[in-house]
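Form predicted alone, single chain, as structure tokens, below.
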Amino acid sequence: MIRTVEDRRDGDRRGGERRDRRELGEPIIEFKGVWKRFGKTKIYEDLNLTIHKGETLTIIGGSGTGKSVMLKCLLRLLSPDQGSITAFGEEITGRDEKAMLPIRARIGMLFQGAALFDSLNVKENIAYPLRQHGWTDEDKILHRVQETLDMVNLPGVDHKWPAELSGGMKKRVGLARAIAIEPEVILYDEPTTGLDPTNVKNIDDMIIDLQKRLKVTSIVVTHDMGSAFRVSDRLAYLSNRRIDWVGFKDEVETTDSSSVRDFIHGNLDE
């Protein structure tokens, strides 16, 4: 039997308290009328989405619909063909690399597969964005590396190499690197892909804990509906080249959109 949203209420708690996010914070990131195509393949047609300060919003949708592309457009790793993307009240479309640095300094990202540098040990992987943003004091860098490893429950692994780490450990090191620069927004691209159930829960718990501890805004891309319901305040359903539905997760059961209900229930663990 498929478990319903109601059966997943235990995922709605942080520190023993039920979350109630009906009063959303101010908009912090906005996609307005975004269009994107790769060759003849249309990815977005008039895509619109607002992410609010302090929330955890999860983007869901089928494979190949462009979920991860949204994160890359936000970081200007890809450029939309038309439309507007704003972050922290500033327009980012059309910015060059230099002009993007102040924006990227406020956003951390956990890439799919963690994307660690194989030629650098854990310490240097985490230190990399710090050095990129002007940190030069080695004692402060080491302290920050150790601090972030403590946050992801991996103390003492700073001298290990990526090849020595399990899949779950790589994800956590990637997360430590993402939070090293003390971002205001954290992006998670398929954070639980390839992990066993124990490590999936560990990553979910860390997303929840870091959002609470650091007061960040979190944007998660995932195909794992169980994880989505555990970590999210709201869900945004990407379908037909646009955001087809967005709402609080407990509104799934009452939405008029049968495609949203069918997609979510069809992808929940049985």
Ligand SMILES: Nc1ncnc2c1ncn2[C@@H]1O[C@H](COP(=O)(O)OP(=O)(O)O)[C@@H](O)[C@H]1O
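Owing to the predicted nature of the structure, the values given are computational and were not obtained by experimental measurement. So that there is no doubt, residue numbering starts at 1 and follows the sequence shown.
Omitted from view is the form predicted in complex with the named molecule, to which the following refers.
- Note on contacts: among 65, 202, 211, 50, the single residue with a heavy atom within 4.5 Å of the named molecule in the predicted bound form is 65.
- The contact residue chosen from 120, 115, 99, 78 relative to the named molecule in the predicted bound form is 78, the criterion being a non-hydrogen atom within 4.5 angstroms.
- None of the heavy atoms of residue 243 is located within 4.5 Å of the named molecule in the predicted bound form.
- Residue contact check for residue 35: none of its heavy atoms lie within 4.5 Å of the named molecule in the predicted bound form.
- Looking at residue 28, you'd find every heavy atom of it more than 4.5 angstroms from the named molecule in the predicted bound form.
- Among residues of the shown chain, residue 216 is not one whose heavy atoms approach the named molecule to within 4.5 Å in the predicted bound form.
- The partner is not drawn, yet in the predicted bound form one stretch among 156-164, 68-76, 121-129, 179-187 has residues with heavy atoms inside 4.5 Å of the named molecule: 68-76.
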